[in-house]
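Next up: a single chain in structure tokens, the form predicted alone.
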Amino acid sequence: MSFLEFTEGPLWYVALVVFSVGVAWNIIGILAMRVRGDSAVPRKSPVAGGIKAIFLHMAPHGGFFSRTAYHVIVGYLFHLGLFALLLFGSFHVAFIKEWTGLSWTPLPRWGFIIASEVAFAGLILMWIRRWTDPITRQISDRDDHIGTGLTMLAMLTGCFALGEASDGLRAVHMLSVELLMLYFPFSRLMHAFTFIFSRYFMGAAYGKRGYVP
């Protein structure tokens, strides 16, 4: 068995199982948490407050943009760029079709390159912020840097493998992705799934009291 066959075979299945089970376990654990009873009479709908909070906090409001502009802009650069790469890169579309049978029009090569540059710019600028901002540096720990490093590695090896120059580059990219998948459920990278729950619960609590932040 070659290195490529190993990374696209046994190791891929292990990473996929760990990622899927880990993500599901975390989400089930959140949903199963007991919420302390609140006998107060609702002033407004907590459900409406929760849903509103999910979308309201996708953009700064209340006069805070001047303080959070850097974080918001580079965050959107990275997340939107990565979203485009994952779902619309031609090789990823082909991979998804192979596994699910679903397919859609991929980005042209120039679009993939632009999305890559946007994602890299956002990630690098966020990482610089972690090291240079006094407060962000204090609240950032090993988990934050490992997650960022693994994400950077997966993106970088993906760019190297883009030209399909060798099976080795493709195998290295697969390995970096699998390392990221294995680490994902045990790290703060889980916020990709859990941010919806945290925003909803916060919004529901405030909404019940008649206030949505």
Partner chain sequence: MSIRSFLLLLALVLGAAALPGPTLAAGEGATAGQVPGESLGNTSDADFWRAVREGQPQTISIPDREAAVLIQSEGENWRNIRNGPISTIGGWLLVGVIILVSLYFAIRGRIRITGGRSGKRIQRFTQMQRVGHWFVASMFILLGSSGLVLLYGRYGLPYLIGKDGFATLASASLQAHNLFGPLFIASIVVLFFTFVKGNWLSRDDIGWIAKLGGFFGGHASSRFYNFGEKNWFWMSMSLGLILSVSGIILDFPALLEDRYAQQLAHIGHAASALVFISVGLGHIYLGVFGVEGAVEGMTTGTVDANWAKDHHDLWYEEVMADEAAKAGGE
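Positions refer to the first chain, counted from 1. Keep in mind it's a predicted model, so treat the numbers as computed, not measured.
Below: the form predicted in complex with its partner chain, not depicted.
Inset, instruction - Name the residue from 94, 113, 80, 87 that puts a heavy atom within 4.5 Å of its partner chain in the predicted bound form. - result: By the 4.5 Å heavy-atom cutoff, the listed residue in contact is 113.
Legend entry - Touches its partner chain in the predicted bound form: residue 166 (any heavy atom, 4.5 Å): Residue 166: contacts its partner chain in the predicted bound form.
Inset, instruction - Examine residue 105 and determine whether its closest non-hydrogen atom to its partner chain in the predicted bound form is within 4.5 angstroms. - result: Flag for residue 105 set to no.
Legend entry - Contact label in the predicted bound form: residue 100 to its partner chain, heavy atom within 4.5 Å: Close contact is absent here: in the predicted bound form, residue 100 is far from its partner chain, nothing within 4.5 Å, heavy atoms only.
Inset, instruction - Indicate whether its partner chain has at least one heavy atom within 4.5 Å of a heavy atom of residue 159 in the predicted bound form. - result: Contact with its partner chain, yes.
Inset, instruction - Could you tell me if all three of 3, 9 and 17 have a heavy atom no more than 4.5 Å from its partner chain in the predicted bound form? - result: Checking in the predicted bound form: none of 3, 9 and 17 is within 4.5 Å of its partner chain.
Legend entry - Within 112 to 134, the residues that have a heavy atom no more than 4.5 Å from its partner chain in the predicted bound form: 113, 116, 117, 120, 121, 124, 125, 128, 129, 131, 132, 133, 134 sit within 4.5 Å of the partner.
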